[in-house]
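What follows is one chain in structure tokens, specifically the form predicted alone.
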């Protein structure tokens, strides 16, 4: 298959795409250790969306591996993980960062965040959703330990590594290059970076 186009998602920003069923989408961790919050909505009915709580039960695990399908709140497969060269560590537990998260961390004033990125990206393509589903946090290293404690550690994804996802229905996909710079979510340097999205097949609008 050939890449139709490569799209830049700038550090601290989000971007939405309309993608047909059967399309392969590659999320490239261009500089390494950058978390990418990922959402999927049914293009015909955004009230159906990729759900982490439903996906964990469907997969039978916390961390998706190659071959796993992520499902919607209607328990329908929407994305299948086809390839993973990143080391295979992702997060399905944590909510998207938001203004309140940064305030709790001690930030004063407006801070870029994945929740706002999601809704701004949807607005750009003329969509509105009344809630913020929990995202698939690609490359995030926050697995619970044996005692059930969650510690956010720097991602292990090297520069240029990627995950490839196959769309199972027509979707609106949203990706946010997480703006977190107050915890090692995006690496020990706590410096958000650009990522790239490669679409294999029809170019999305």
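Residue numbers count along the first chain shown, from 1. Not measured: the values here are computed from a predicted model.
Missing here is the form predicted together with a further copy of the same chain; even so, the following discussion is about that form.
Visitor: Since the partner isn't included here, can you check whether a further copy of the same chain sits close to all of 75, 97 and 104 in the predicted complex (heavy atom within 4.5 Å for each)?
Guide: Yes, the whole trio is in contact, each within 4.5 Å by some heavy atom.
Visitor: If you check in the predicted complex, is residue 56 within 4.5 Å of a further copy of the same chain, heavy atoms only?
Guide: It does: once a further copy of the same chain is placed as it appears in the predicted complex, residue 56 has a heavy atom within 4.5 Å of it.
Visitor: Residue-level question: is residue 156 within 4.5 Å of a further copy of the same chain in the predicted complex, judged on heavy atoms?
Guide: Contact with a further copy of the same chain, no.
Visitor: Consider residue 144 of the chain shown here, and say whether it contacts a further copy of the same chain in the predicted complex, taking contact as heavy atoms within 4.5 Å.
Guide: Judged by the heavy-atom cut-off of 4.5 Å, residue 144 is in contact with a further copy of the same chain in the predicted complex.
Visitor: Answer with yes or no whether residue 150 is in contact with a further copy of the same chain in the predicted complex, where contact means some heavy atom within 4.5 Å.
Guide: Residue 150: yes, in contact with a further copy of the same chain in the predicted complex.
Visitor: Among 22-30, 158-166, 171-179, 60-68, which stretch has residues whose heavy atoms lie within 4.5 Å of a further copy of the same chain in the predicted complex?
Guide: In short, 60-68.
Visitor: 89, 129, 125, 93: which sits within 4.5 Å of a further copy of the same chain in the predicted complex by any heavy atom?
Guide: Result of the distance check: 93.
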